[in-house]
Structures are given as C-alpha cells and as structure tokens.
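Only one chain comes next, encoded as structure tokens, the form predicted alone.
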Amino acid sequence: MKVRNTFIIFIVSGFWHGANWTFIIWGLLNAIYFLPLLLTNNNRNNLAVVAKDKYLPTPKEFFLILITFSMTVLSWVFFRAENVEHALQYILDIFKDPQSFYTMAIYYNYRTIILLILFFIILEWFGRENQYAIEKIGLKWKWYFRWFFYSFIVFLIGMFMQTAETPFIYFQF
C-alpha cells in the first residue's frame, strides 16, 4: 500500500508539473528512488542530519551523499528536457564523450568553477544542521565581516549567473 501510494504521489506530481512524458518519468524516477527504503521499511530511518556533530562524513556517508546527488541530477535531466528523446540523448552524451567534459571545463575556466563548487559544498556542509546553510555562519564575527561575507556570496552568484533572459519555468506551461 505504501509503495502504491508513493508511486501515485510522485506520478501525480509529474502530471502537476506538465503534460509531458518527461515530467512523468521524473516523477517515476523519484518514486523508484524511494522503493528500496519502502521495501526494507527504512524510509523513516534517514530523517536526521548527515554526520551530525561530526567534522567530516564517513566514507559510507560521503558515498551515499554522492549517490543521492547523482540520482537527483539524473531525474532533473528529464524535468528540464524538451522531450524524452532529448533527455536520453543528453544522458548518452554525458557518458559517450569524456573529452567533451574536458573541452567544456577549459572553455568555462575549470579551475574557477571547481573552486566555486568546492566553496559552496563546504558552505553547505558546515551549515547542514540549519534550515539555511549561511544562517549561523559568522554570528560571532563583527557585523562588517559578516556582511562582507554575504556580499561576497552574492557577488559570486552574480558573476556566474546566466545573463540571457530565461523565463520562470512555470510560465512555460
């Protein structure tokens, strides 16, 4: 019953996002991701903060974080694709040509992007116990250091955001 209800909820949420097979597949993938937890009755065992009160995750926790992130990003490909063929081609292209990643990395100055990604991963990791990652970072700093830090984050986001006009995703339906 839980499995059926979970599939219904995720597939209906796919329909809610749009009348396109890509959204149905997105919902179906998310339901499938919950399936092992539901079948083993472990779906309520993963509600706590990862590596609570620890400085770093264990290798197992790190691997599980990486798997969860990868599965989420895979489902987002279907969410953002124009159609199923486009999504499948995109996924195929990711694994087909490793050289394309290197070419893209050079074009976008990969060192800068890697440092930026690492900065935000570290920021998220140290703020993982809060509702927002930067919620309590720098509370004991002088106000001007804290606001400089916030301004720096806004500056980084502004430097790498898309400058072309992109419509709000829900206006496309």
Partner chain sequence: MFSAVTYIIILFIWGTFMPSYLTPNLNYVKGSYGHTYTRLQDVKDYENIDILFLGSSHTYRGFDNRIFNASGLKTFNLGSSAQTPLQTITLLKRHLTRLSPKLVIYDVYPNTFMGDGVESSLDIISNEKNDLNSVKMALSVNHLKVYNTLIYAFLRDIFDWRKNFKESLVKGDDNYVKGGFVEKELAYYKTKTLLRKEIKFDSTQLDAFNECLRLLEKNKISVILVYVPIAPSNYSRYTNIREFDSVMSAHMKYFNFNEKLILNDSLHFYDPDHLNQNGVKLFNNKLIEILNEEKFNR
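Computed from a prediction, not measured in an experiment: that's the story for all the values here. Residue numbers count along the first chain shown, from 1.
As for the form predicted in complex with the partner chain, it is not shown, yet the points below apply to it.
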query: Candidate from W141, F126, F148, F120 lying within 4.5 Å of the partner chain in the predicted bound form - any heavy atom; finding: F148
query: Contact label in the predicted bound form: W16 to the partner chain, heavy atom within 4.5 Å; finding: no
query: Contact label in the predicted bound form: T58 to the partner chain, heavy atom within 4.5 Å; finding: no
query: T112 within 4.5 Å of the partner chain in the predicted bound form, heavy atoms; finding: yes
